[in-house]
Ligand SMILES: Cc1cc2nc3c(=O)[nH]c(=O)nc-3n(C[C@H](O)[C@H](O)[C@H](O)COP(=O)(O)OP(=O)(O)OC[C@H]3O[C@@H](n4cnc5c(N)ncnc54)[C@H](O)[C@@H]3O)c2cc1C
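Only one chain is given next, in structure tokens, and it is the form predicted on its own.
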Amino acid sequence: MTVTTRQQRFDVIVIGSGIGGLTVAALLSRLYRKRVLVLEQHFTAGGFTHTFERQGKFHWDVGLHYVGDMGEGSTGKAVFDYITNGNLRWHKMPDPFEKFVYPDFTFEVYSDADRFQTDLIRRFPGEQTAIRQYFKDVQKAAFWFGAHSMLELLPVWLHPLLRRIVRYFGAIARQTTQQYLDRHFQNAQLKALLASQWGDYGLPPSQSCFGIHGLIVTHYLKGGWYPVGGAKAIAQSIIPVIEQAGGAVITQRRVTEILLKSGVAVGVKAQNTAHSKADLETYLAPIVVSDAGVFNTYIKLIPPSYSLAERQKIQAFPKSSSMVTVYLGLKIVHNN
């Protein structure tokens, strides 16, 4: 999409077209009819929801494997229905929707929390009491995470009461996943099995918060769903909602600076990554939303000349773990 001079002023600019950036853009477009510009440095919008292919026959999703909480009447589906104007459909994965494979045992997971619990007790009968408590505790831990995240959005007069509730559930949620498992379970196989989903949130049990673990576990208790048309269908369904309100999603635009005036964001400068020698482009808006992460936003995009008290703390904050993903296309050879 080519942006002319008169199109370079929008109501809102969103940096990054990951699911967070696209969701914000779609909500502002639908709720407030804002003209939102989304700038993405990659040549494909969607972040971890986009797909790619090689040789016309190998197809991969870069990040999405399945999504929980997409059944009829669920909060997750209601949100996606709203930001896609009902144009994204979901297919429920058949049972068993998940299988944990270890060198000495295999465990299948069905989309029913009661069966999941019963199957665990059947395999590890000596841990029955702890297993039943685990299913209660992951719910409490997930509640803590949600309540803690929402606290500042609620009326101030509710904060004293809610903070006491958050602290109560936080005693379970703030410990590491390994601490919880070691305190409640004896069987090493069972502990490994219950921690199997740590790849979904990126940190091993010794480093992960049990609140995050609980959030992931409860998210999939009713099974997994996959978007019809593949992961790319998510962005393809959201972008028209943004465009219908007069906004745009432009790829191959790397934001290099957030423009400030009297300490207030007023726009951004961006580099066309397809033409690195081209002049920087300027886009203006009274609101700028960054989906590029705290470090990139405050250290790389806000000019060093701007006095930012938190800059040193952000720079000193431990960096997150990274990983490399290899996508393999396999050829089956039939020997006659």
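Being a predicted model, the structure only gives us computed values, none of them experimental. Each residue number is its position in the shown sequence, starting from 1.
The same protein also has a form predicted together with the ligand, omitted here; what follows describes it.
Can you check 52-60, 29-37, 302-310, 285-293 and let me know which stretch has heavy atoms within 4.5 Å of the ligand in the predicted complex? Going through the listed ranges, the match is 285-293.
With the ligand left out of view, which of His184, Arg254, Lys140, Lys191 would have a heavy atom within 4.5 Å of it in the predicted complex? It is Arg254 that has a heavy atom within 4.5 Å of the partner.
Verify the contact flag for Tyr220: yes if a non-hydrogen atom of it lies within 4.5 Å of a non-hydrogen atom of the ligand in the predicted complex, no if not. Contact with the ligand, yes.
Can you work out whether Val24 and the ligand are in contact in the predicted complex, taking contact to mean some heavy atom pair no more than 4.5 Å apart? Contact check for Val24: no, nothing within 4.5 Å of the ligand in the predicted complex.
At 4.5 Å between heavy atoms, is Ile19 in contact with the ligand in the predicted complex? Contact with the ligand, yes.
Can Gln41 be called a contact residue for the ligand in the predicted complex at 4.5 Å between heavy atoms? Because a heavy atom of Gln41 falls inside 4.5 Å of the ligand in the predicted complex, the answer is yes.
Even though the chain is shown alone, can you say which residues of 61-89 have a heavy atom within 4.5 Å of the ligand in the predicted complex? Residues within 4.5 Å: Val62, Gly63, Leu64, His65, Tyr66, Val67.
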